[in-house]
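Below you will find one chain, with nothing else, as structure tokens; this is the form predicted on its own, and questions on how it binds or moves follow later.
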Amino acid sequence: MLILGIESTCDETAASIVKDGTIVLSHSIASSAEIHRQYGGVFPELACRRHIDAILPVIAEALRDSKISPHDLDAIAVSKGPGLIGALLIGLQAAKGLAIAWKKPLIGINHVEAHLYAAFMSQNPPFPALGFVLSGGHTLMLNVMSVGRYELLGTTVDDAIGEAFDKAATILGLSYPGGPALEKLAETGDEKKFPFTPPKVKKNPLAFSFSGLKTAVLYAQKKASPDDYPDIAASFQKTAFDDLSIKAELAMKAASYRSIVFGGGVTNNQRLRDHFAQKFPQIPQFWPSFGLSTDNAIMIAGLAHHKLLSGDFAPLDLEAMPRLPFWIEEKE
């Protein structure tokens, strides 16, 4: 099956042709990250303007590079949320127009679920799996029963982990995007120099909170010299990752998991990957390839293959959903 995937949730405009859920025939992407760098974060209106300019060219390029004609497609998939409302609408309207013109079914994809699916593009994690989605907008821990079946275990009550990385990077005077810059700075730091405390949420031991940790970085920075910044970065990073592994250990004590699956842009962090390998050497861990951890259309088209097989089509009046949970809470 051949699916055209379209992604426009934030500052990346992308299109991809994927065969049978895993075989990537093409991927075209236009980023507006350089535009947003001067603002220290994504400027929504400018992102939308860039999407308008880029959406049709990237779709045309994806079709051309794959040597696939619209007639050969089995479906058109598009991110329906979560994301910036204006950005989502541009991708949705393009997908709807093409679905009508080419007489193809439309499939709406949850962007965050697609991030988790990215690890399945070239691997077959055994179920049940403990799932993590770690990005600038999301921190989720899930019981993954199969592709499309999830139970929420814990989420953030304030900042997402990627957001905390960006804010900590800003405090330390680093450029946007902050996550990669902070990881690089931390490479030369002493992660034990600043004893930050992993955050706790009293009402739910599996929930996450990174706002306090970010504030601790601010207080440390005010008393430190720039020579201490690598140590602050390393200590912050270690504390954030310790928190993830502490919650993972709690979840694994309550249930039996055969693997751990990761998705989202924060999974690009090599220290995070090394941390989990050291903490849980006994359980297989599945990470997205570095090219699939950030926003892309490959994961959209890949996940859509499973939706197509199950007949999960979207109506042509499909709406953009800036906030959109995808888990299914199942009670015994």
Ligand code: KG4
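Since we're looking at a predicted model, the values are computed, not measured. Numbering starts at 1 and runs along the sequence shown.
FYI, the form predicted in complex with the named molecule isn't displayed, but the following is about it.
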Does Gly264 reach the named molecule in the predicted bound form if we count a contact as any heavy atom within 4.5 Å? yes
Taking heavy atoms only, is Pro180 within 4.5 angstroms of the named molecule in the predicted bound form? yes
Are any of the heavy atoms in Gly189 no more than 4.5 Å from a heavy atom of the named molecule in the predicted bound form? no
The named molecule contact at Asp166 in the predicted bound form, heavy atom, 4.5 Å: yes
Residues Pro125, Ser146 and Lys307 all lining the named molecule in the predicted bound form, heavy atom within 4.5 Å: no
The chain here is shown without the named molecule. Which stretch in 68-76, 190-198, 102-110, 128-136 comes within 4.5 angstroms of it in the predicted bound form, by heavy atom distance? 128-136
Only hit among Ser26, Asn268, Ser31, Gln285 for heavy atom within 4.5 Å of the named molecule in the predicted bound form is Asn268
Determine the residues of 284-318 with a heavy atom within 4.5 Å of the named molecule in the predicted bound form and present them in sequence order; the list may be empty. Ser293, Thr294, Asp295
